[in-house]
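As a starting point, one isolated chain is supplied in structure tokens, in the form predicted alone.
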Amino acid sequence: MGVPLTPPEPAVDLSGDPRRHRRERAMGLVLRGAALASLLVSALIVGSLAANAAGFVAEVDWGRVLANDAWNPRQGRFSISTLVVGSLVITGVAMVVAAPLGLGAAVYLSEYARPRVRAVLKPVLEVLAGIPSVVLGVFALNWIAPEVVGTLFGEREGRTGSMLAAGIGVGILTIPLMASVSEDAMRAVPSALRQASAALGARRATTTLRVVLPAAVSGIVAAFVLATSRAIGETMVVFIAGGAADSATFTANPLDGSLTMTAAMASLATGTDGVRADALAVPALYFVGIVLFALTLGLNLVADRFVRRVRRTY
């Protein structure tokens, strides 16, 4: 006799609760809208800058701009190279300060500090990021400029600030960002790599230098790029301690005073009577914003390509 056939069991519905699917679709639409809104805001900002800078590009005498060695838009002197060089010098000084100190703090917190010590030191370090930039600007002007720059390089008559003093102040402001992102990148490295290195007899310093740092290089580069972008965009510290008010002469000497692009925009935007002294002064603000946007975008694109090439997945 044959085995009696049992009727097939009804198929189990694995689609889930329809209400949950509706909530997930709604949340997806909300998140997509947020992403599109951010892109729209960015496009509107760039469009506004380009539209307002068009008058400057069309009317300015570019031969005079490129040959000029001073930035004084209220008197019709638009040396963009003065601002670009000033921005690069101050950003370079800031990263010389922030990169080693921030990375050193990150290595200590990630690899050497005990859990209790780390629980105290990391919040204290991150509190530095909450200090208003105007406070650090006053500190750089009243202490770093005379006590550090003046002591090391000598006082200059009539000098109240310099790119070196401003760069040190910006570097102090950037240390928490560099340290926090780098430390997160190093703590993301699997503990198995550290244990394997220790099993081979490597010391902690060797493990840190040859295992952890190479494994976290993509995150460290990202931290460096974020810190650099933060330094390029800093305004108040340079505005207060940079040694230049609303005009600057072309110089690459860190001991001299100059302006960054952001500080030049801030100084030009103050004093409406002075701004109206030249018809192209206000459009120059938007053109400087375009240059700053292009510089920052190029830096991020280069860094993103480098990070993609060295990124490791564990």
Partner chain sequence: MALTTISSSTGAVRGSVERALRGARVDVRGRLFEAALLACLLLSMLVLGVLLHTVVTDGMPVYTERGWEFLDGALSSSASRAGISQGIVGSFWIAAGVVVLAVPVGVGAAIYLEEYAPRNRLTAFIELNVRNLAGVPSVVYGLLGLAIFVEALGGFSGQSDVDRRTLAAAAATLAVLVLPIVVITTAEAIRAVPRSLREGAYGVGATRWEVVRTQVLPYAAPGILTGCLLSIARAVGEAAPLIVVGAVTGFLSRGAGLSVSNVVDPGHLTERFVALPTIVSHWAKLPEEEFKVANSSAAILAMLAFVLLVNTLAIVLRNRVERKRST
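Rigid core (definition): largest C-alpha set, two forms, superposition within 1.5 Å. As the structure is a computational prediction, the values presented were derived from the model and not from experiment. Residue numbers count along the first chain shown, from 1.
There is another form of the same protein, the form predicted in complex with the partner chain; it is not shown, and what comes next is about it.
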* Structure fact -> Testing 197-205, 68-76, 84-92, 214-222 against the partner chain in the predicted bound form with a 4.5 Å heavy atom criterion leaves exactly one stretch, namely 197-205
* Asked: Does the 4.5 Å heavy atom contact test between residue 254 and the partner chain in the predicted bound form come out positive?
  -> no
* Is residue 247 a contact residue for the partner chain in the predicted bound form, using a 4.5 Å heavy atom cut-off? -> no
* 4.5 Å heavy atom contact, residue 180 and the partner chain in the predicted bound form -> no
* residue 60: touches the partner chain in the predicted bound form, heavy atom cutoff 4.5 angstroms -> no
* Asked: Can you name the residues of 17-44 that have a heavy atom within 4.5 Å of the partner chain in the predicted bound form?
  -> 20, 23, 24, 27, 28, 31, 32, 34, 35, 36, 37, 38, 39, 41, 42, 44
* Asked: Is residue 303 one of the residues whose Cα moves 2 Å or more between the shown form and the other one, with the core superposed?
  -> yes
